[in-house]
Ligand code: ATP
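Next up: just one chain, as structure tokens, the form predicted on its own.
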């Protein structure tokens, strides 16, 4: 057996518990197939824990996350649980800043067998990744906002050379990896608002400097408003995109909608030493406890985690595990074995999980 990988597991709130249960079942099944052991250490954290215990992210949980090989995260936050400044209790942001998880990686693709809201047959070609800078930008203002005399409020955007350069470099390296694995030309598209803000003009300058160091990779830039339009008209035209924190927050939901919704949107928050993997969706309190949640985004996030661990530990078996999950998900949809509720089907969390597990146990090769 390979080494045992310590995974800190934070189900969180709402449907986070339901999709995390799917993830742990699938991870154990994959581990048996590839001969790798995972020690999953579950923790209580999140908005409900804040109500129950007065703290959203306990110190002992943070310490275990520091020791872990990776962090597996469900969803956190409840609309009615807010701090003194009126903002929601969302510990995932605390984790991003604590571990310097500067690259928010949001891959999106269509799956054969599932409809998309786009009429064009080229929607089947959608396969892109949005890389969101996750430690600066407008989110830097979290906890630093200023309200003066109940008459005006200020939040400051922060763009640094170091922060921008490293996330742009990450995007170019990711594009290179995708080109090798997919057998197609690499392209990185920068998204900003450089025509209005000095901070964004500075961002673009650094992006262009980074692009110059990667002459074999096509590079271009677009304003965020134009990109919002283009992503609806021709999303299949894009490969890797990189952008500021707030722009990435918004556009990542938009691209998820292009392939059917947030239940299909995995993500990873990646730094130089640590990484956290989670579905991009929220806690969905309106359907929590009803078994309706689509666990696909959570399962694909597990696959992302295995790929990251495979590189970090030079263990090809972990990458094989990632392919097992992706292949199983592809098969259950392409064969019409299940259809999530947001696509007009009747299959909820348990049905989709059972179908994916059956594919993994059956042992069909990717």
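Numbering follows the first chain given and starts at 1. Keep in mind that this is a model prediction, so the values were computed, not measured.
One more form of this protein should be noted, the form predicted together with the ligand, which is absent from this view; the next part is about it.
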| query | finding |
| --- | --- |
| Heavy atom of residue 342 within 4.5 Å of the ligand in the predicted complex | yes |
| Partner proximity in the predicted complex: residue 245 to the ligand, non-hydrogen atom cutoff 4.5 Å | no |
| Touches the ligand in the predicted complex: residue 282 (any heavy atom, 4.5 Å) | yes |
| Partner contact for residue 123 in the predicted complex: the ligand, 4.5 angstroms, heavy atom | no |
| Contact residue in the predicted complex, from 155, 225, 286, 272 (heavy atom within 4.5 Å of the ligand) | 286 |
| The unique member of 258, 217, 138, 262 whose heavy atoms fall within 4.5 Å of the ligand in the predicted complex | 262 |
| Proximity to the ligand in the predicted complex (heavy atom, within 4.5 Å), stretch among 262-270, 200-208, 145-153, 177-185 | 262-270 |
